[in-house]
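Next comes just one chain, in structure tokens: the form predicted on its own.
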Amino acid sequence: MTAALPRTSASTRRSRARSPLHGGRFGLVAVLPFVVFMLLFAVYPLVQVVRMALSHVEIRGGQFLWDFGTLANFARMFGDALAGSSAVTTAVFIAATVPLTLVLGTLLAVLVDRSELFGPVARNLALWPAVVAPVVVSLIWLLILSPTVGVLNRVLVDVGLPPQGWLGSEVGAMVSIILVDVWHWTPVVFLLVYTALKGIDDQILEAARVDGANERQVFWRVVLPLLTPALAAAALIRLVMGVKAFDEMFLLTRGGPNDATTLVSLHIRNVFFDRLELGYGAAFSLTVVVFVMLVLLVSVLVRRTARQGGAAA
């Protein structure tokens, strides 16, 4: 009788802990701050953007005047040549920066992983550009690329070559912002790939070497396939970062010359803050967000299909 009492109490506690009501209350309290945060800073702003995109909005006397119920803002995008060119410029920018950062970040991670003597120092140096504020990055590259005070043009003059207008020509400005973005954000890819490299079991690599594989075969046939999830995640992160890219381009070129470096983020900023066309800016912003969400959804579905296909094989 006396021995059965503690077992009953423990069983009761376990049953209470597994009770859906008990877990539901705790879960509700745990997620409540997150739910409130999302409602205030995600759902409410998104609803307002959708409402603004479907309205003709004016500012008169410090007040917003809403004329709700129109699709004119979306129709207007088809006649906005700068909207189309900014989308193309952004696509070119992403097509250049994402592969470059993936290749350089992976190469850097492999080199640091193989370096036993300088590995810790190289690891810290490789991460340094990512922690620098964008305004400082812009200043650094302005001192390098400026046609008057830039170090690069001084070097060209010293070796007998003519100075170049790196930020003054359309092609030069585009190449410059791609270079700056790759320099700034390659460490993000490096960090993801380096972490994945450290997670690979050494026994797998040793087994491949015992089977006769050389170092090149080990990398291409063993290491790189195991890095695929990390590389896919890095590609998606870099894709989103490419759409959001703003600071360095705005500070270095302001979208010029001749709108050659006007990304969608800069065009949205001009529409909102310079032209005060709030409804049109909201419609363009919403279209960009929906497009990015569709790209992410398709990439997730492709990864899931490939994973299921691999498991079935």
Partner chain sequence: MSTSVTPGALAGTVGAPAGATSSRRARRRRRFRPAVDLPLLALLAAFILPIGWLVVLAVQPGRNIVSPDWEFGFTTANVLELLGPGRPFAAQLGNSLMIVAGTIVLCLVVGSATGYALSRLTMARWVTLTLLALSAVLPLIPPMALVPGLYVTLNSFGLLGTVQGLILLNTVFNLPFAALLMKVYFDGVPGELREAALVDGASELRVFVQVMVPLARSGLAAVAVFVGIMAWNEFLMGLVMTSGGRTSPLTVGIASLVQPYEVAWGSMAAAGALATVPIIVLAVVANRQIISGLTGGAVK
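Positions refer to the first chain, counted from 1. Think of the rigid core as the biggest set of C-alphas that the two forms share within 1.5 Å after superposition. None of these values were measured; they are calculated from a predicted model.
Keep in mind the form predicted together with its partner chain is missing from the figure; the text below concerns it.
Peer 1: Would G172 count as touching its partner chain in the predicted bound form under a 4.5 Å heavy atom rule?
Peer 2: It does not: once its partner chain is placed as it appears in the predicted bound form, G172 has no heavy atom within 4.5 Å of it.
Peer 1: Going by a heavy atom distance of 4.5 Å, is R221 a contact of its partner chain in the predicted bound form?
Peer 2: R221: no contact with its partner chain in the predicted bound form.
Peer 1: Counting only non-hydrogen atoms and a 4.5 angstroms cut-off, does V98 reach its partner chain in the predicted bound form?
Peer 2: V98: no contact with its partner chain in the predicted bound form.
Peer 1: Is F250 near its partner chain? Define near as a heavy atom within 4.5 Å, in the predicted bound form.
Peer 2: Taking the distances in the predicted bound form, the answer for F250 is yes, it comes within 4.5 Å of its partner chain.
Peer 1: Work out which of I204, M77, A235, L125 lies within 4.5 Å of its partner chain in the predicted bound form, going by heavy atoms.
Peer 2: By the 4.5 Å heavy-atom cutoff, the listed residue in contact is L125.
Peer 1: Just give me the single entry in V88, V210, L161, A81 that has a non-hydrogen atom within 4.5 angstroms of its partner chain in the predicted bound form.
Peer 2: Looking at V88, V210, L161, A81 one by one, just V210 meets the 4.5 Å heavy-atom criterion.
Peer 1: Does any residue in 124-161 get within 4.5 Å of its partner chain in the predicted bound form, counting heavy atoms only, and if so which ones?
Peer 2: Sequence-ordered list: N124, L125, A126, L127, W128, P129, V131, V132, A133, P134, V135, V136, L139, I140, W141, L142, L143, I144, S146, P147, T148, V149, V151, R154, V155, D158.
Peer 1: After superposition on the rigid core, does the Cα atom of L251 shift by at least 2 Å between this form and the one not shown?
Peer 2: After core superposition, the displacement of the L251 C-alpha between this form and the one not shown stays below 2 Å, so no.
Peer 1: Once the core is superposed between this form and the one not shown, does M38 show a C-alpha displacement of at least 2 Å?
Peer 2: Yes, because once the rigid core is superposed, the C-alpha of M38 moves 2 Å or more between this form and the one not shown.
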